[in-house]
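Consider the single chain below, provided in structure tokens and representing the form predicted alone.
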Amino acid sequence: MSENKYLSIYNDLLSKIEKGIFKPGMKIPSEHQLVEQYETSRETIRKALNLLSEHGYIQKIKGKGSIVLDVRKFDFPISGLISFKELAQKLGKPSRTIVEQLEMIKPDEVLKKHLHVTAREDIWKVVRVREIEGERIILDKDFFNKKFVPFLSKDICARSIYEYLEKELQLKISFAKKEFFVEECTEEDRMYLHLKQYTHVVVVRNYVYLDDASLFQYTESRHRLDKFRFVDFARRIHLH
């Protein structure tokens, strides 16, 4: 019975978290209060709380009790190319883009490799912070080959670069190769993002091509760990 009891308590507490009865940052009732509320043993309550902790719904803090974590995540598609403006419209959340840097640079060795360019070519460097619901949770570092993108402005970068490229320049953005990593936060991450207690970020590297297979953009998109769920649809392929 106690096995079913702790799962029943877990599901009840989880339901209260998901419905917002226990909001992010709130302390849930103490073990002693839960023992009385559910008329069960302390061991059963601890098992239910441990399961909530393991699944990322609460953080048990010594001497303070159990704090509810913010488990709301935004779906970010793995396949498909989507701009932040399009993503923000899909999410329906208040959002904005802060342009931290826009400059013309000469590529270093790393960039030469990523963009397949020579040291003589000009590259646009754009650093933008993406804010959703008042929290700065994405740092985007974009590099565009000037050969394909002759002009950029802070206004264009703040609104939507892809909208400008496709509507104004009539570029046909076709496909991208994506790489995913989890890396330790850098000083730059700490400077620009609201990282809270997180020590790592999810890094997505995009190599973006036009319809004639020209590589025109390299992007490093750095995401706060707790806020994004990367989603894709996969179908099983039968090999004969």
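Note that the coordinates shown come from a computational prediction; the quantities given were computed from them, not determined experimentally. One rule holds for the numbers: they count along the sequence shown, beginning at 1. By rigid core we mean the largest C-alpha set that fits within 1.5 Å across both forms.
The discussion below concerns the form predicted in complex with the DNA, not included here.
Candidate stretches 202-210, 35-43, 189-197, 176-184, one within 4.5 Å of the DNA in the model of the complex by heavy atom: Selected range: 35-43.
Under a 4.5 Å heavy atom criterion, is residue 55 part of the interface with the DNA in the model of the complex? No - in the model of the complex, heavy atoms of residue 55 and the DNA never come within 4.5 Å of each other.
Any chance residue 26 has a heavy atom within 4.5 Å of the DNA in the model of the complex? Residue-level check for residue 26: no, no contact with the DNA.
Taking the DNA as it sits in the model of the complex, is residue 214 near enough to touch it, meaning that at least one heavy atom pair lies within 4.5 angstroms? Judged by the heavy-atom cut-off of 4.5 Å, residue 214 is well away from the DNA in the model of the complex.
Between 46-60 and the DNA in the model of the complex, list the residues on our side with a heavy atom within 4.5 Å. 46, 47, 60 sit within 4.5 Å of the partner.
Residue shift check between the shown form and the other one, rigid core fit, residue 194 Cα at least 2 Å: No, residue 194 moves less than 2 Å.
Does residue 176 shift between the shown form and the other one by 2 angstroms or more at the C-alpha, the core having been superposed? Moves: no, less than 2 Å.
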